[in-house]
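Next up is one chain by itself, shown in structure tokens, the form predicted on its own.
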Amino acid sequence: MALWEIIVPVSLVLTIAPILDGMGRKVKAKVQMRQGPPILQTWYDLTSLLSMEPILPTDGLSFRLAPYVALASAVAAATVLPYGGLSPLRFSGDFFVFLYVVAMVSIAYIVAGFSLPNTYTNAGANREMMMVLSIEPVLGVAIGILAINSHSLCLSYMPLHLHASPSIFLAIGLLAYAVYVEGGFVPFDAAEAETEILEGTLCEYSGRLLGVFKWALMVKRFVLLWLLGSFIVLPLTKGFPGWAVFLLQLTAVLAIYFAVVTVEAHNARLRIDQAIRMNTKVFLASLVVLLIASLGW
């Protein structure tokens, strides 16, 4: 595999994720009848943060490493996804690697929160841990159902070998729900909750470390949205040239994200117990869909 086949998708993800966030802020502002910031405002903010020296409230290594572990994990998740006709790190079983590295972003977030004797960071870490434990099984079951139907554990192979069935459509719905919750979108942003616990885990971060952590969370959101967009687009584009498939994937991601931020603009944050109950109900429903898929429907 040529080095550029990895560098190009990674550079693309790192560049587009902040732009996508800026576009989402603009859309949300328009929905709420505000002018909103420029589309590149997120990039301006990120560049400013990355140029600042952080103020360290502790000498703990875990506090300093957590942002970089989160960003590396999010980028690693991006490398196993298909981009048109290109799949940077395609191999059998990369489905499990994807789940692992996506979870590592949240684990780094949790470790960062518990690395300080701070009420707000501890509360954010606790909430993130509960959210992850309740939604990761849904994400795993949803992709598992798609794996059963495609007879593969490769994320690049799965979408190209799906055939219409009740379990497929239900699995896509479960995947969409899991992506929404895992992405920390309102009303499932209890771990961040700026107005309640001052951004939770991130409230003691500043400068470069804060910028890296925010960048990691943006990349994670983009990766999850790209995963969902791929399972929607790729089954419908067999035989299309790679560049056309890539453009359709990007269009699907934009459409999904604009729909997500529109939903965000019309909702208030759920309490953590409400979010957990909802995730638990969806997980139980996902087990029923898994049974349906195992029966071949």
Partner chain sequence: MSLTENLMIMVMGLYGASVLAVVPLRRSYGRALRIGHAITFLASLSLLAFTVEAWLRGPLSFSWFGVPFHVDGLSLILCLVLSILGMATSLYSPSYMEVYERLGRGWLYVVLYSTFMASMVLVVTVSNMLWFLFFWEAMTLSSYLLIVWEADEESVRRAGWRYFVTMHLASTLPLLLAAGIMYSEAGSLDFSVLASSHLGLSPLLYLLFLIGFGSKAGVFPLHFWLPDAHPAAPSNVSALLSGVMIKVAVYGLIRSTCFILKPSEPFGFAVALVGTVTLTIGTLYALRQTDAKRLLAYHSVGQMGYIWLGVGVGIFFIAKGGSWAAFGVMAMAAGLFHLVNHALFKGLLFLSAGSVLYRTGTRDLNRLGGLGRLMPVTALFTFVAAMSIAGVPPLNGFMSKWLIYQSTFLSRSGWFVLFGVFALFISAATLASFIKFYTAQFEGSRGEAVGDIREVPAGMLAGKGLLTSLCVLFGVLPGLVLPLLTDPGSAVTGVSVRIGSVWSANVIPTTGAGASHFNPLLFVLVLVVLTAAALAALPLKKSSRRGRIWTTGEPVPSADYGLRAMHYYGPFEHHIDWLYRTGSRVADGCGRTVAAASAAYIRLCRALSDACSSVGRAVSRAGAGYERHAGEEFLDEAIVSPIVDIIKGSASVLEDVLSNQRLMTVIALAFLTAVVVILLAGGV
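These numbers come from a predicted model, not from an experiment. Numbering follows the first chain given and starts at 1.
This protein has a second form, the form predicted in complex with the partner chain, left out of what is shown; the following refers to that one.
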Gly173 within 4.5 Å of the partner chain in the predicted bound form, heavy atoms: no
Residue contact check: Pro166 to the partner chain in the predicted bound form, 4.5 Å heavy atom: no
Partner proximity in the predicted bound form: Pro54 to the partner chain, non-hydrogen atom cutoff 4.5 Å: yes
Close approach of Leu247 to the partner chain in the predicted bound form, 4.5 Å, heavy atom: no
Candidate spot Ser87, Leu162 and Glu192, all three touching the partner chain in the predicted bound form (heavy atom, 4.5 Å): no
Of Ile256, Ile39, Leu65, Ile232, the one that lies within 4.5 Å of the partner chain in the predicted bound form (heavy atoms): Leu65
Single option in Val181, Val223, Leu217, Val141 placed near the partner chain in the predicted bound form, where near means a heavy atom within 4.5 Å: Val141
The partner chain in the predicted bound form - contacting residues of 203-222, heavy atom within 4.5 Å: Cys203, Glu204, Arg208, Leu209, Val212, Trp215
